[in-house]
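One chain is shown next in structure tokens, namely the form predicted alone.
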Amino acid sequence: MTALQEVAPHERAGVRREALYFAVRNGKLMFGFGLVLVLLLLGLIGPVLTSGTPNEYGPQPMSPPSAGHWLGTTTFGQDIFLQFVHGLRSTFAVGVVGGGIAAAIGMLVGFVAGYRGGIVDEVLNMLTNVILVIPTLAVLLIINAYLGIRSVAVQGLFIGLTQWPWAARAIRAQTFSLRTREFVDLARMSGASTWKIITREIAPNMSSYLFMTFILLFGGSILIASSLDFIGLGPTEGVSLGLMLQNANQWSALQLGMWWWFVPPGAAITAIVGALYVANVGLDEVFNPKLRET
């Protein structure tokens, strides 16, 4: 990710305009966010425009893609396109919940530890290191296995609670580099509280870094959720892209030659995470003048 640059408050508007100028001209950023936006709109609008429920059995099992069933049907006659659009919505939802919770905790811990230092930093850093060395996937497996009813929100909650440590450490390190700058010293001498200094002086100078961190957490949440879904520990109600892959594997779609069952969800997960990575690279080029394409 890009290195942080000190920006005075009165210069931030100009920096934003400059960043926007380069953002709309960055091919990686436009392609990445454009692909994610298309899939997001499909997940939001698709369920509204289609009728029926995603797990409803139909009279035409194992049908390949056709005019009546755009992505074919499962071995039980379920419409795969209907499952796909509902699965997109659930997948984005768990990314937002998991990534948002992880980002919020990571920012809180990172900002406080980096700015306060001393015993506060030592305690928070110890907590971060403890969570960091815990095998996240194993913990999520145990939690999900013992939950009677699992939902997208609960899944996102536990993913967020276990994914924040690396973000906290990264934000803590950047906060350390900013807390000794002149504009922070001036705010401190003017009597501003710790919270005001963090939110009004330090955080705005890290806005690009924080946004890129959220993108990585968002994509990571989707990958973890898809892994849990694939091994049968996904939501007990509804459908997601990971659950579609799990059902396709469970009912031997590959052996039966039903490529239309597992290719769309697998391609969508790959496209979302890959597009987010490409967009993140584009953001790095936009926010770092040394990497900008002129």
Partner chain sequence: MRRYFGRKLLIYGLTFFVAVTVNWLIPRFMPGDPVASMVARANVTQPAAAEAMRVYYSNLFGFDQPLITQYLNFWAALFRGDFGISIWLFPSPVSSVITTAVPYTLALIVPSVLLSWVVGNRFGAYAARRKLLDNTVLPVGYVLTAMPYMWLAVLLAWAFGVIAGLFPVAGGYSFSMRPNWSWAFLLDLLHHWTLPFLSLFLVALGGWAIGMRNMIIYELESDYSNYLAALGAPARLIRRYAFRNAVLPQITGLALQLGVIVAGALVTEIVFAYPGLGSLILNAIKNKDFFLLQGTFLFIVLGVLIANFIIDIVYVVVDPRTRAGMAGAQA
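In this text the structure is predicted, and so the values were computed from the model without any measurement. Numbering follows the first chain given and starts at 1.
Only in words, not in the display: the form predicted together with its partner chain, which the text now covers.
Here the chain stands alone, but in the predicted complex its contact with its partner chain, taken as any heavy atom within 4.5 Å, falls in 136-144 among 73-81, 136-144, 190-198, 101-109. For the three residues 233, 266 and 278, a heavy atom within 4.5 Å of its partner chain turns up in the predicted complex in every case. Although the partner is absent here, residue 130 is a contact residue: one of its heavy atoms lies within 4.5 angstroms of its partner chain in the predicted complex. Although the partner is absent here, residue 245 lies within 4.5 Å of its partner chain in the predicted complex, judged by heavy atoms.
Looking at residue 23, you'd find every heavy atom of it more than 4.5 angstroms from its partner chain in the predicted complex. Residue contact with its partner chain in the predicted complex: residue 262 places a heavy atom within 4.5 Å of it. Interface residue among 60, 227, 53, 66 relative to its partner chain in the predicted complex, by the heavy atom within 4.5 Å criterion: 227. Shown without its partner, this chain lists 153, 173, 223, 186 as candidates; in the predicted complex, only 223 has a non-hydrogen atom within 4.5 angstroms of its partner chain. Using a 4.5 Å cut-off on any heavy atom, the residues of 90-126 that reach its partner chain in the predicted complex are, in sequence order, 122, 126.
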